[in-house]
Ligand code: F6P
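A single chain, nothing else alongside it, follows as structure tokens in the form predicted alone.
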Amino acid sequence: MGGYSFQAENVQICVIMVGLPARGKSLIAQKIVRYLTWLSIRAKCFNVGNYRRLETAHPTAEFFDVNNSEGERLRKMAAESAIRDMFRWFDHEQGVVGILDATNTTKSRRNWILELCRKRNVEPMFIESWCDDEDLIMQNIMDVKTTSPDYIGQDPERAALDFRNRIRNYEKVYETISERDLTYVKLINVGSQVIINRIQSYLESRIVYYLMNLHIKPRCIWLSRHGESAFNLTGKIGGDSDLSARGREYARQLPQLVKMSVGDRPLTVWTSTLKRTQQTAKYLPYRQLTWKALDELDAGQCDGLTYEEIESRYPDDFAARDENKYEYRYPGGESYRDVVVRLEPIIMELERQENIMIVTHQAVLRCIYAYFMNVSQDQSPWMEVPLHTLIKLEPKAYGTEVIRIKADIPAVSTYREKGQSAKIKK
């Protein structure tokens, strides 16, 4: 993966979202930011609605009427503030991809942004989400009316009605992108058709590749570590050990735990190639796939050692790993950054699928969880992911909801805080 040198190439891209309300633009924008940040590319979303809410927190649909000159003035002012902050971020924080999240439904509005970008030598790239699938639109309206800051504390049905009227006001002036000289991606009905025009750089092509794998249909992802293993009991890292007695009990109880959370939805289970994950998934009555990419972080020369043994044999390495755990690579092994690189195809496939359960390992789960929850690289290797716990992730327009379901089966804690020697906690 040669994805970490964009700053050196001096590439700066402004991704300009385009589309009517309830077309999944904010979700797409947030997902692009998460994906690029996860790959160590500096990306940030500038949501014009957040700037507009500073002046007008709970507007009615009339505020968005093309004939409302005061509403138009305030919306233009919000867009100016967002763009100004984005350029400041490019200049002072080495930003690489800034995303302007707004409707930008008219050619005149898009041309105005285009000129501002060109003056600053920022590459403009448009992403239009065009949708006439009524089921998808209704699902998004339901989502927005319950999660949008515009409708906090309001009657849900009244909010939905007002939001539909807001959409109608935008429909009056909406002009789809058709200019052949622009760099754009048009997602029709969330990826059932994708139109790509004048993609000019490697980074733009990466964004396109990601977008082609996206859907925004409602779905959930369930994550679990393998059950407690024989190595967990002795504090050893890595290896390919069998489950302990308590780990086998977790495997037996897991189908009931999963059924309670999944219900009747179809589900596919992914495991690593290592015995402890396959033994954990053994009783799950779903289609199962094995992925080498889901294998635990390779500890190299330290494989099969306890943290105490590593500290005593390789004190410099032990200290270096604490200093920068994300970048630290075990001698002959891997770093968290290496794991992220090999997990990228997993993330792409996860974005293509609907309901998936992943049974894998602590470091791998930290990297996957960090992607969905936008956890920073300095924090993600230190997250606690306990044994015998099912984690349900539900991606939404304004973030990912998390539910943790703990099985009533004791297990050792394999968590070691920064700066501490690992003592196994029974």
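All residue numbers are counted from 1 along the displayed sequence. Values in this document were obtained by computation on a predicted structure and should not be read as measured data.
Keep in mind the form predicted in complex with 6-O-phosphono-beta-D-fructofuranose (F6P) is missing from the figure; the text below concerns it.
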Only one of Ile358, Ala363, Cys45, Ile41 has a non-hydrogen atom within 4.5 angstroms of 6-O-phosphono-beta-D-fructofuranose (F6P) in the predicted complex; which is it?
-> Ala363
Is every one of Asn232, Ile237 and Glu296 within 4.5 Å of 6-O-phosphono-beta-D-fructofuranose (F6P) in the predicted complex, counting heavy atoms?
-> yes
Lys107 within 4.5 Å of 6-O-phosphono-beta-D-fructofuranose (F6P) in the predicted complex, heavy atoms = no
Indicate whether 6-O-phosphono-beta-D-fructofuranose (F6P) has at least one heavy atom within 4.5 Å of a heavy atom of Phe90 in the predicted complex.
-> no
Non-hydrogen atom contact Arg246 with 6-O-phosphono-beta-D-fructofuranose (F6P) in the predicted complex at 4.5 angstroms | no
4.5 Å heavy atom contact, Phe126 and 6-O-phosphono-beta-D-fructofuranose (F6P) in the predicted complex | no
With a 4.5 Å heavy atom cut-off to 6-O-phosphono-beta-D-fructofuranose (F6P) in the predicted complex, the contacting stretch among 198-206, 248-256, 319-327, 77-85 is 319-327
Can you tell me which residues in 263-277 come within 4.5 angstroms of 6-O-phosphono-beta-D-fructofuranose (F6P) in the predicted complex, by heavy atoms?
-> Arg276
